[in-house]
Every structure is written in structure tokens, then in C-alpha cells.
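So this first bit is one chain, no partners, the form predicted on its own, shown in C-alpha cells.
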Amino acid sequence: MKLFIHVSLGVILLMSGLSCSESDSSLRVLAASSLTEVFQEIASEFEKDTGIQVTLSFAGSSSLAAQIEDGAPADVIALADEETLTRVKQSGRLTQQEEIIFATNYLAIATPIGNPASIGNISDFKGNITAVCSEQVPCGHLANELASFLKVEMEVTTWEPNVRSVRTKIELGEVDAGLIYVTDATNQVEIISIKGSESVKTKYPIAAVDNAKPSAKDFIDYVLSPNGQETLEHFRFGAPQ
């Protein structure tokens, strides 16, 4: 009987060890939708270097903050502005680590290919069908800041939940123009630079959520590393400021 007990305990301990090992070899990262392609690339590079599997979840920053507030499992969170990260802090799930700025971004006008409405600047939004991010999300905050900086009144037809939704409406020709991050430019839209827009940037913070796995710090360090920053630059993100 004693032998049976010792063997059983040994099996239990072995199973427990395997479970911990499996848990430590994976990481859950929540990231703003504008980070989709670049974080997919960074996660792939990180996995090759470390053997740690990264599960990525993308959504608008406000939606991610709400998920954290509701207790969604996460190890790392990367958002498109500092203001939204304040909500995460207020949730009590970001008390052990300070956030770090890892990238910057700014806005440009996007139109369907050919720019059929002849949009040249934000003032041309008047009288046309336009899409901009909702004021509750970072790209919407930034749009208002930019309009204020340029001292122009911006007329908006539809407010979208995230920058990818704005871009989709433009690609489908459902709107005449919209504001998107320069990093979201594709060959399916036409980009028009806005003079002065580079002076109005959003800063991207990244942080480990309380009780995150130890590898969360490794992932953040990789994002900040020369390799991570080179990948961000390749996808047109600006350097931390």
C-alpha cells in the first residue's frame, strides 16, 4: 500500500510539473488593432528565439481595457495611447509594473483609390461622406487633437470603433475619406499627408498585467530590443519618445 501511495504521489507531482511547464511556455498578449501585423511578426520572431508560444488578441484599445476590467486573462497589454491605459490601472490589474512607451504613430487622410471626391485636407470633409474613429478610442482622441491643432472644424459622417473599421469603409468605397494611422496605409487606399500631423502623435504603452507569467517581461524586452524596434520601424511606427 505504501509503495502505491508513493508511486501515485510521484505521478501527481510529475503531472503537476508538466502542467506548469506547459503553462510557462505560453503567453497571452492583448494588443490594439493597429498593431495587428507588426505584433504578428514580432510574436513569430519571439517564438523562434524563445520557444514560448504567444497567443495574440487584437481589438480597439477601449475594448481591450474593458476586457481587462472584466477580468479577461492576459499577461501583456499593448495599447494605442496612454490615456486608455489609465483605465487598466484603475481596474487594479496593473499595479506591479510600470508601463513603457515602445512606439509612436500619427494620422493621415485616406480615400478610395483615385480619390473620387478630390479630398485634399480635413476641411474638405465638409459636404462629403467621412469616417473617423469614435472619440472613445485612441485614434478618435488623436483626430480631435489634430483638428484642434490645425484649427479646422472636422465634419464626420460615421464614427467607427477602431481604425481598421475606418480603413475597411474606405477600401469598400462606402465613404469618401477618413482618418487612419499612417501605419494602416495599404495599396487599397490612397493616402494624403496632412501638414503638421507628425507633430500630433499618439504614444503606445506596453505593460505586464499583475500576476503575469515571467515570460511577459521577456516579451516586453523583445519589443524594446533593437530587433523589435527594427520590426516596428519596418511597419512605419515611430520610435518611442
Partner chain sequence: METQHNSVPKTIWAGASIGFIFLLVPFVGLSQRAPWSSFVQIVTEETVLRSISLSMIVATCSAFICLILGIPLGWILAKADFRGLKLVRAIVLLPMVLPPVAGGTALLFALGRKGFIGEHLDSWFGVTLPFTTAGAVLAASFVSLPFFVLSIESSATQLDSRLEEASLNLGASPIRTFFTISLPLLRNAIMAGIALSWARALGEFGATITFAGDNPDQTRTLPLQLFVALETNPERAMIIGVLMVMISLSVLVTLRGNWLVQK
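Numbering follows the first chain given and starts at 1. Since the model is a prediction, treat every value here as computed from it, not as a measurement.
Omitted here: the form predicted together with its partner chain. The next part is about that form.
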Among 75 to 83, 102 to 110, 139 to 147, 158 to 166, the region lying within 4.5 Å of its partner chain in the model of the complex by heavy atom distance: 158 to 166
Residue 62, heavy atom within 4.5 angstroms of its partner chain in the model of the complex: yes
4.5 angstroms heavy atom contact with its partner chain in the model of the complex for residue 182: no
Residue 129 within 4.5 Å of its partner chain in the model of the complex, heavy atoms: yes
Heavy atom of residue 176 within 4.5 Å of its partner chain in the model of the complex: yes
One residue of 66, 54, 200, 38 in contact with its partner chain, assessed in the model of the complex (non-hydrogen atom, 4.5 angstroms): 66
